[in-house]
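Taking the form predicted alone, here's one chain by itself in structure tokens.
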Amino acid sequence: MSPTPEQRRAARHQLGTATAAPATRRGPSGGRKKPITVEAIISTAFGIVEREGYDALTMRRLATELETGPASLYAHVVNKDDLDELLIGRLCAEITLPTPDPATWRAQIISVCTQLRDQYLRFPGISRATFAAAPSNLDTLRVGEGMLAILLAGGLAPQVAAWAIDSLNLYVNAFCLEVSVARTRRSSSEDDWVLSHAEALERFAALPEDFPQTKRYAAELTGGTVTDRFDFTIGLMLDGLPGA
């Protein structure tokens, strides 16, 4: 009897690789199409997200791209949540984790957060797949293990380190989602919600006198790049950790 999707998922988590055999294509053109594998599903899913954004990724849309039916996908992935976990796990596999060093732990954790940010921003909106998800993918768990080791090396108490990881990941995920939404809106000629720096300054300058501080410090409120703000917030979070 062939393994169930749940068994394939468990095998992937144990081995860190896709072990399911390619699905046999049926029909007149079956022999001319590439076989459906977990790797093909992941690659195609990333392509959809890169071109159209995460919201466009559905099992039906993915099946259409692979020229098959949704049922063929379920022979390899359990459901959309399983697919999301595979995608996030693949991005986490690209993260380089340093050997924890008490002397440089702060720079090390910043580096990991920055790498996660850069991976997520490659695929618009994909960080949404991380919210309210308990990871079981080994590549994703590897990053959590590495972050925990770094924070413990920095002298943080275990509970502080554990909650710090939650907070840092939540900020990175939310930051990437907001940047992706802003970029998507900016690329739409019909959406005027995203303002340029000059437009934001003009709006603040036009505010009534009931907003004296906002008008006075408009340059500060709108200054800096998204990277500047990311670095500032990560640094602020680390500064506030008890025992840091």
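From a predicted model like this one, the values you see are computed outputs, not experimental measurements. Just count from 1 along the sequence shown to find any residue number.
Omitted from view is the form predicted in complex with another copy of the chain, to which the following refers.
Checking Arg203, Arg51, Arg60, His197 for any heavy atom within 4.5 Å of another copy of the chain in the predicted complex turns up a single hit: Arg203. Checking Ala107, Ala103, Leu170, Ala71 for any heavy atom within 4.5 Å of another copy of the chain in the predicted complex turns up a single hit: Leu170.
In the predicted complex, none of the heavy atoms of Asp55 sits within 4.5 Å of a heavy atom of another copy of the chain. Among residues of the shown chain, Thr114 is not one whose heavy atoms approach another copy of the chain to within 4.5 Å in the predicted complex.
Shown alone here, Pro158 lies within 4.5 Å of another copy of the chain in the predicted complex, counting heavy atoms only.
Using a 4.5 angstroms threshold between heavy atoms, Gln213 counts as touching another copy of the chain in the predicted complex. Only one of 132-140, 88-96, 118-126, 72-80 places residue heavy atoms within 4.5 angstroms of another copy of the chain in the predicted complex, namely 132-140. Applying a 4.5 Å heavy atom cutoff to another copy of the chain in the predicted complex picks out Asp210, Phe211, Pro212, Gln213, Thr214, Tyr217, Glu220, Leu221, Gly223, Gly224, Asp228, Arg229 from 208-230, in order along the sequence. A change of 3 Å or more separates the two forms for Leu87 and Ala132: their C-alpha atoms lie closer together in the predicted complex. Relative to this form, Pro158 and Ala132 separate from one another in the predicted complex, with their C-alpha atoms ending up at least 3 Å farther apart.
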